[in-house]
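Only one chain is given next, in structure tokens, and it is the form predicted alone.
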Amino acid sequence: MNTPIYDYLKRYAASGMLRGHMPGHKGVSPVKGLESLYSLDITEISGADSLFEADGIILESERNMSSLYGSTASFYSAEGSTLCIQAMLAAVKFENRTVIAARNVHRSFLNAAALLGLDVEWLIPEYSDGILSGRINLVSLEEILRRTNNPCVYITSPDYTGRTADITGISALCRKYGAPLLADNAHGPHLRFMPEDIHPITLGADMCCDSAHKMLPALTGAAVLHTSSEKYAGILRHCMSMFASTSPSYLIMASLDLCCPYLADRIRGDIEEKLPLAERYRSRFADRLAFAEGDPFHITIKAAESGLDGLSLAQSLRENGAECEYADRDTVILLMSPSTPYEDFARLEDVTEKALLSAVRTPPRKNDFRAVLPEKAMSIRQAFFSPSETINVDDAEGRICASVLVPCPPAIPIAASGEIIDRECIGLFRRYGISRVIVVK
């Protein structure tokens, strides 16, 4: 499969052209060792196409990506899945949809809802791993769909622990009620190429975002917005341009371009080789560690259930040479991928053996998390744009959440904008190490 963006950048870098255009570095690195990187970094010059008016090399590359995912259209983002989420929500805003969203959304969803003034009906998942993961109950979803006028449905799948939703069942319900299905598939761009194709577009989603940089060999910030709908294919590029920089990174776009031949020729072989290694890791530690079910490349250790303090285990892994994706007292997530070097799986086994020797032991316990929606006092948009102040969590009971102040990862809201912070919220803030919150004055 060809790589039109990358090939153009190479030709331009080799041309010796005087760069009377942005960026200011003029293709010259300020330090040794990065010359080739800087030489490929350009802006929208003649022949380089333009991301949000694409009709040349960018459009050609996007069509390559679309053919690989079986989408009606696919659009590149150099600003991560955040831009894709904003565009998906803008598309349904044009239709005056009420968004039904599973609560374990990324904070970028809330920020976009505030900017767009969206109404959100929350669906509480049946949680199993704190706020990170939960199952969507189809009966509960249908109850909300039945009473909601002009709905659409927004889900996160895979969630942060790698759990995938029943997208087939959810999409069938959405079709029954005329509701478009939007999926935050940021952690699942590889799912199209697994032994069983469980990518959201395949299973019936109308739109979904893939963070290529999370699970594919792409640079940070590389993402793709897919749609299976001709209707949305006609407006999504415009929707993306409403939020995006007018100077998208060509380096990030080139990394997406280079993903196309990788997906076409190599990823299935990498998956076939690496899946047994991920399973071998789980099997080796099955008598000492409890693992969450889900995508095999998300190795989610249920630390508390394993009789371990998750933060201590993460520190022990770090001290022995392995950095995890995420850790709290209950959970440790090691994010591998089809591109993870073969030898790193063996290294991870050795590091884990050493880490278990020094990690702090605790009485094993199941995750007893439950969630009740806080009372809503005002709209997301009204709260977000109200005068606000940052206060200590211990002083927040009864105050209205203004905007979400949670770290990324996992960036999942405990109290959403416009909701009244109650004792249960405060307990969860403490549990996840959040000491300050932003509240309406």
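We number the residues from 1 along the sequence you see. Bear in mind the structure is a predicted one, so any value in this text is a computation, not a measurement.
If you look for the form predicted together with a small molecule, you will not find it shown, but the lines that follow are about it.
Student: Indicate whether the small molecule has at least one heavy atom within 4.5 Å of a heavy atom of residue 80 in the predicted bound form.
Tutor: Flag for residue 80 set to yes.
Student: Should residue 76 be counted as a contact of the small molecule in the predicted bound form, where contact means heavy atoms within 4.5 Å?
Tutor: Taking the distances in the predicted bound form, the answer for residue 76 is no, it never comes within 4.5 Å of the small molecule.
Student: Spell out, yes or no, whether the shortest heavy atom distance between residue 163 and the small molecule in the predicted bound form is within 4.5 Å.
Tutor: No, residue 163 sits far enough from the small molecule in the predicted bound form that none of its heavy atoms falls within 4.5 Å.
Student: Decide whether residue 167 counts as a contact residue for the small molecule in the predicted bound form under a heavy atom distance cut-off of 4.5 Å.
Tutor: Outside the cut-off, so no.
Student: Determine which one of 265-273, 81-89, 136-144, 355-363 lies within 4.5 Å of the small molecule in the predicted bound form, judging by heavy atom distances; exactly one does.
Tutor: Careful reading of the contacts points to 81-89.
Student: Exactly one residue in 214, 93, 199, 329 has a non-hydrogen atom within 4.5 Å of the small molecule in the predicted bound form; which is it?
Tutor: None of the other options qualify; the answer is 214.
Student: Looking at 206, 184, 257, 295, which is the one with a non-hydrogen atom within 4.5 Å of the small molecule in the predicted bound form?
Tutor: Selected residue: 184.
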